[in-house]
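What follows is a single chain, given as structure tokens, in the form predicted on its own.
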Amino acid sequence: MGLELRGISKSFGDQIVVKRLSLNIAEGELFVLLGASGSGKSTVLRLIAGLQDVDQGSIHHAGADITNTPTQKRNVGFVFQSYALFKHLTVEGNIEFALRLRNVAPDERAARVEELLELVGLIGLDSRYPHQLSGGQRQRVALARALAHRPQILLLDEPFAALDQKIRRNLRARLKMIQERLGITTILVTHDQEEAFELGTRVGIIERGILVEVGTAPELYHKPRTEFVANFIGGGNVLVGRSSAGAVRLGSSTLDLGASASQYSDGAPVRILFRPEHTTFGPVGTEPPPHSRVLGEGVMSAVHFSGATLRYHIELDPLQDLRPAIPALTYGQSGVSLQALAWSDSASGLPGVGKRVWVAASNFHLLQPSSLRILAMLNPRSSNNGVVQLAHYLGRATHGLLNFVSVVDDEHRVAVARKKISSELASVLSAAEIADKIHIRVGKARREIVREAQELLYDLVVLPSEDEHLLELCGALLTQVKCPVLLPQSERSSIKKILVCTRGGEPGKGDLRIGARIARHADAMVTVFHVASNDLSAERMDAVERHLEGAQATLRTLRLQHEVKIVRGPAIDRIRAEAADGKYDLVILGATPSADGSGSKSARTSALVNQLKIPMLLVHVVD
């Protein structure tokens, strides 16, 4: 039996770093945990090693629960990125350190050191000190030291990250050979995709503490389940269309969804992945390859040489039925960006930068349905009609995930709260859906709502506007989770007109992105509204106008109805005047509160929240 992680979680303060992670690793497997910096992968290793305590869940090895077993009794070897060698000890002294602690006899220690020096390729260097070794040699010493006491599990925390590319390749090959020879269960964490693919029997992708997908390298590359993994593993092209009668419109072609059609209701978003090597192009007027699907026409925008291959960047003309997901739509983008690969020795016959081309693709792969993840907070002591109506509408319009959460301060109140909330949801959800979607948490509202939002990486949290701790909770969600907060303010069952109050430059882009996302699903009209101060200089006004031109280009690419308004004067007064006549169903506003909801900017936000009795969406921005 191998290693099993059962729903382990770990927090540091209010930040959840590892979130209910479950994983089975076979005995003798070399498993790679791949993720970006800060994704929680190193914390997982430290939990396995016992260097940090698990907050929730359990760890099992060979059928035994080792969750509370001291580190020194887990029979684990650990190799750190920083080597962590003892500077005052020689290579031999470092390797035999663990053996000395275990009172291994001198003759046996010497024999083991010699064996390991041969295994890691350091014969003859036993008397050198760490400062006399190269980085690659120091890392091999660290590996030999971790293996000295014959551990049952080997943990490697980005062991090659500080080394140059050539040395990394050599050490990866040696590690693979050592692991296969010893048959030791090994877990390596890295942010390097090439390293993960080369070493891992299987690879797990971790994102913000959640294990997103696990599979072999070919499975993850060719048939990923999620948009995140499709982008993280190798990049590629992902376009999003709408299902209709078991098919999806793909530019000038139609793609039959086949057996996957049952997953999609009419109008549901369909994410279509095709890798750059499956994207072909040619001069307009020439014939595409047979059996390929033509997407449309565009312009070659860039070509990058990378040795054996060339990577082409093509700006496709806007497509009526498709929007780009990967590469992500940039602010102000007026078309669809795609990438294509070709062998560099075949470049002579291909169109260059600035040329018009047709674009076709093959080997499509459908990704899992993925849309807005919405968490709605319900108050166990008051009416929640506004929250229920708006959250249910957004969940249905976006084909998204919708969960409801309520917080009580005592275990004895859980049943009463569940009964009340179930009754309120009965008008919009079936009994089976209600049972699955209600989460009742016990504790302080702010802490529990923040933790709930962190655990499933929600895109949007809906809060009851009359909650007594509203601003404090808004501040915590916006700053700690970076999650937009929607305040219903009044009962609404649809969103048809959206007012996006945008700032100039980077702070205003987040407001527009979330506004466009909601408008796209709700088929709503967007008004981009900017308030300029009366004393704004001509130079700054030019920058604002460029920002708004970018907003219009983005909305045109997404095929959204929109208009732009620029006014001058005090921001709160102008926003209040624009929104007060009742013609908007949603106001989107950038907010920069402190985590406790205090501060002047939070006070300005609070004034609008109190004065506008229409739904408001607050988006975290950094000035």
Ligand code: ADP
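None of these values were measured; they are calculated from a predicted model. Throughout, we count residues from 1 along the sequence that is shown.
There is also a form predicted together with adenosine-5'-diphosphate; it is not shown, and the following applies to it.
Asks: Does adenosine-5'-diphosphate come within 4.5 Å of any heavy atom of residue 554 in the predicted bound form?
Replies: So residue 554 does not count as contacting adenosine-5'-diphosphate.
Asks: Would you classify residue 60 as touching adenosine-5'-diphosphate in the predicted bound form, given a 4.5 Å non-hydrogen atom cut-off?
Replies: Flag for residue 60 set to no.
Asks: Does residue 17 make contact with adenosine-5'-diphosphate in the predicted bound form, using a 4.5 Å heavy atom cut-off?
Replies: Contact with adenosine-5'-diphosphate, yes.
Asks: Does residue 569 reach adenosine-5'-diphosphate in the predicted bound form, with heavy atoms at most 4.5 Å apart?
Replies: Judged by the heavy-atom cut-off of 4.5 Å, residue 569 is well away from adenosine-5'-diphosphate in the predicted bound form.
Asks: If contact means any heavy atom within 4.5 Å, which of 64-72, 554-562, 577-585, 41-49 contacts adenosine-5'-diphosphate in the predicted bound form?
Replies: Of the stretches listed, the one contacting the partner is 41-49.
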